[in-house]
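A single chain comes next, written as structure tokens; it is the form predicted alone.
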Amino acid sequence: MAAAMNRVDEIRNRVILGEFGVKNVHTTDFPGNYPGYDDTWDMQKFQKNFRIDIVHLDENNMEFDMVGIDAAIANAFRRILLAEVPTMAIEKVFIYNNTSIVQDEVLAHRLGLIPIKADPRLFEYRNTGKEEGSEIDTIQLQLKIKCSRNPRASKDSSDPQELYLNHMVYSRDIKWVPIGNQADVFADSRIGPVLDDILIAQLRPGHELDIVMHCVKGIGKKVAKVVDSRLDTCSREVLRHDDLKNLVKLGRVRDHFIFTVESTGILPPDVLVTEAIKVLMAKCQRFLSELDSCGME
């Protein structure tokens, strides 16, 4: 009997790492699943057991442990961090002049991947079908640059750095063009690319770029990367040895999850986590509202 209870405790509390797979990953803590255990969900019990332990926090990275939560909720939080935290990103690229060797489509794609430093919480979503942006839903950026020969360059020089002016186009060359009253509203903010040294194109004398970009608020831009870095440090090498694999059992606590959040610099990682929690709470509230509406019908 004691052995059976120990087996039940293992299934309820541990995820077992096998040689070729992982066991006990399914959720089992619901009422009546195990005789002698009352697994009815209780708010006070949850508040007592749930905690978040911050292991590391700096400007662009955050590592924390989420303890006392079901795997489904932890995974929902992970997916929200990846795809549903709003951010400002370049959506439309208007190319008025491009005489470089980079095709318009490739250039637009490169520009769209540049992270833009702007707090999405200060902007609204642009209405579907709205062509013109406004100061509350759009950031306008401009890239206007022309390459020319350096009149002071040595005649014997073959170094492009000396021969040409503006021949390397970087993200620092992208300038913010305020719309409406944005210059006053964001007077203390530095709106523009997060990094100044992202190479966009290389030009030669006569090449010119004249581009206007519109940034809007959206989701699914992968502003954060979440990986179980410390979770993967468990080696299973011992299970490869026939004389040892039956003597060792590897496991992980079922309700203990390790998150590493890496920001692109648009928002600090702790703000990303907070915004993801807000999205999750809104989803739960929306689900409860749907249940209430169904019950009234």
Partner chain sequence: MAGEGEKRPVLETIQAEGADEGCVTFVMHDEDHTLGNSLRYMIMKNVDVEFCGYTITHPSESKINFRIQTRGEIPATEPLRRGLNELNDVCQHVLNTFQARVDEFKGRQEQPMD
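In this text, rigid core is short for the largest set of C-alphas that superpose within 1.5 Å between two forms. Numbering follows the first chain given and starts at 1. Only a predicted model underlies this, so the values are computations on that prediction, with no experimental measurement involved.
As for the form predicted together with its partner chain, it is not shown, yet the points below apply to it.
Q: Of the residues V212, V185, V177, I73, which one places a heavy atom within 4.5 Å of its partner chain in the predicted bound form?
A: Checking each option against its partner chain in the predicted bound form, the one that comes within 4.5 Å is I73.
Q: Identify, from the list I198, I191, I80, A108, the residue with a heavy atom within 4.5 Å of its partner chain in the predicted bound form.
A: That would be I80.
Q: Let me test this: is every residue among Y125, I139 and L143 within 4.5 Å of its partner chain in the predicted bound form, going by heavy atom positions?
A: The answer is no; none of Y125, I139 and L143 reaches its partner chain.
Q: Please name which of the stretches 147 to 155, 99 to 107, 80 to 88, 200 to 208 has residues with heavy atoms lying within 4.5 Å of its partner chain in the predicted bound form.
A: In short, 80 to 88.
Q: Heavy atom to heavy atom, is Y34 within 4.5 Å of its partner chain in the predicted bound form?
A: Although its partner chain is absent here, Y34 would stay clear of it in the predicted bound form, with no heavy atoms inside 4.5 Å.
Q: Is F257 one of the residues lying within 4.5 Å of its partner chain in the predicted bound form, judged by heavy atom distances?
A: So F257 does not count as contacting its partner chain.
Q: Could you tell me if V253 has a non-hydrogen atom within 4.5 Å of its partner chain in the predicted bound form?
A: No.
Q: How about V15: is it within 4.5 Å of its partner chain in the predicted bound form, going by heavy atoms?
A: Output for V15 is no: heavy atoms all beyond 4.5 Å of its partner chain.
Q: Taking its partner chain as it sits in the predicted bound form, which residues of 259 to 283 have a non-hydrogen atom within 4.5 Å of it? Please list them.
A: Residues within 4.5 Å: D270, V273, T274, I277, K278, L280, M281, K283.
Q: Taking the rigid core as reference, does I277 move its C-alpha 2 Å or further between this form and the one not shown?
A: After core superposition, the displacement of the I277 C-alpha between this form and the one not shown stays below 2 Å, so no.
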